[in-house]
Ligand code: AMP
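Given next, in structure tokens, is a single chain: the form predicted on its own.
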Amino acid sequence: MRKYVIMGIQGSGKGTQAKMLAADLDLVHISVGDIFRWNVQNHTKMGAQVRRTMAAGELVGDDLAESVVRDRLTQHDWNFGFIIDGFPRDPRQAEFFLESYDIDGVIELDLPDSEVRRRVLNRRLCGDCGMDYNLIANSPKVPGRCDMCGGELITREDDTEEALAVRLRDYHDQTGPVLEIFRRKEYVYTVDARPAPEVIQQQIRERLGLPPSQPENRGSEVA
């Protein structure tokens, strides 16, 4: 059984790399951000709380994030392990995670702030089916329309210059100490997140001592 955490600022490709690794190793990909977005799109009570927080460019509180992760991992559908992205985001969450689960490695996707801005501000989301797009690497066939359902592509509420500036500040202020906690336990493997997704995936596997990826599991989206 393998249990990994993948970390990086929004736009670094966490979702893409996690999905590629999960598909090949039969791991369950747990995206805390996807769980929150599902709740927002389905107008749940949690979704209303998350929507207000995301619109302000702030991070979801520790109690709610820990509750979501705990509930998801109690489902026990991860027979071969899991890879989680979007958690932990601060020292308290890191301590909670280390006390609760044995992990095999933390993958850090390193990306300069200038590249983060370029990627994030080019992200789009289908307002109907929730399909993700990036106008740099994954443009729709018809501009402004989803390839899957034809729905209108919109900008996420938290993908604005103002909200991004807050996220970058919070990431450096809060996530840096998280990585230091993991580094003290020699868990962290840092990978350059600027190359093509396939190159990054191979670098991750080399650092973790895993076999090369299978071509059919490769992807190209940026998350």
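Start at 1 and count along the sequence shown; that's the residue number. These figures come from a predicted structure and were not determined experimentally.
In what follows, reference is made to the form predicted in complex with ligand AMP, a form of this protein that is not presented.
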At 4.5 Å between heavy atoms, only one of the stretches 152-160, 22-30, 194-202, 181-189 reaches ligand AMP in the predicted complex; which one is it? 152-160
Close approach of F36 to ligand AMP in the predicted complex, 4.5 Å, heavy atom: yes
Check whether Q10 has any heavy atom within 4.5 Å of a heavy atom of ligand AMP in the predicted complex, and answer yes or no. yes
Non-hydrogen atom contact N122 with ligand AMP in the predicted complex at 4.5 angstroms: no
Can you work out whether R72 and ligand AMP are in contact in the predicted complex, taking contact to mean some heavy atom pair no more than 4.5 Å apart? no
Are there residues in 86-116 with a heavy atom within 4.5 Å of ligand AMP in the predicted complex, and which are they, in order? G86, F87, R89, Q93
